[in-house]
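Taking the form predicted on its own, here's one chain by itself in structure tokens.
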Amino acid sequence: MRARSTTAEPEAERPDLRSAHVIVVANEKGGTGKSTLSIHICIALLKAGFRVASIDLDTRQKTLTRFLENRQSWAANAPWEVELPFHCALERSNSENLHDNETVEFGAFASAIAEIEHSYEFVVIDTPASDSYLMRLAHSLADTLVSPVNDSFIDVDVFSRVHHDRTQRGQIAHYADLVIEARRRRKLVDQGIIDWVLVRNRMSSIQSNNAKQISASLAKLAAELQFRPTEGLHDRVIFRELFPIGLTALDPIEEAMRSGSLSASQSAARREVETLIATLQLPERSRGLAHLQARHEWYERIARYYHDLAMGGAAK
């Protein structure tokens, strides 16, 4: 069985023009498992029969890109058809001029979106753990924003200020402020609403008092910041073991490992991913041409802004 191609498909095979549903997996805090979620969301949607594209904005680590390279290699001799998305990996621009770098990287991102949104029903964007203009742009394009958070008040602190002094506790923190701004801009562009899902990720199998406190804190924040809290993936060895061969808990790994059956942990990992995808409440069809046109207008507006910014910087 052959793997699905990662190259663009012939025009004759493309479905009717439509705007892809954009899923952005992001959190300004590092180490929360963004790429692991991006990987499993991509593969889950492919296995459900959707046409999926992916974009890796993490130009430094490229974890999603590395996984898909491993998966492509495995697919060459796999005993079953291995699903692969159409993938775009942005390259870092390394000129000495910051404005030139931003202009080049924005152009690459806009071109990637323009190339895939006509042909695919979902676009999954994996982002770096940093605040940049490109990350902010990705947020403003999101239809569904998935933010993984570990069971730690260090992670909660990027959403709402954690402090022993009650008078300083609860202030909106830097990442939540970024999302609020993205929502405001998105509303101006096409009246779109960003569905923000906060995913408790890398959870311990043992329910500790700390985990209960985190759960209670997120429940309180949900109403104020307007996100949907949900449980994600436990901290399982299987997710790390499968990375080198490009497989996920959703693949027939019992065949790959020649074990004949799944272990209890492997079965639990598969159920967790399936439950998470159901919780995201993703649409079966996209919203059509009005949304597509609005997005094109947004690209043009931002392109002019960064072009003018670069020209102003060059003049100085």
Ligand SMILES: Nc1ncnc2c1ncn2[C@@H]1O[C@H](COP(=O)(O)OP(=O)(O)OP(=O)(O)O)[C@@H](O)[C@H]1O
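Don't overthink the numbering: it's just position in the shown sequence, from 1. What you are looking at is a predicted structure, and each value in this text was computed from that prediction instead of being measured.
Although it is not shown, the form predicted together with the ligand is what the next lines describe.
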Proximity to the ligand in the predicted complex, single hit among 92, 174, 220, 240 (heavy atom within 4.5 Å) | 240
One residue of 99, 136, 186, 236 in contact with the ligand, assessed in the predicted complex (non-hydrogen atom, 4.5 angstroms) | 236
Though only this chain appears here, would residue 35 touch the ligand in the predicted complex if you measure heavy atom gaps against 4.5 Å?
-> yes
According to a 4.5 angstroms non-hydrogen atom cut-off, is residue 283 in contact with the ligand in the predicted complex?
-> no
Given that the partner is absent here, does residue 275 sit within 4.5 Å of the ligand in the predicted complex, heavy atoms only?
-> no
Residue 252: heavy atom within 4.5 Å of the ligand in the predicted complex?
-> no
Exactly one stretch in 77 to 85, 174 to 182, 194 to 202, 106 to 114 has heavy atoms within 4.5 Å of the ligand in the predicted complex; which is it?
-> 194 to 202
So which residues in 48 to 82, when you check the ligand in the predicted complex, have a heavy atom no farther than 4.5 Å from it?
-> 58, 61
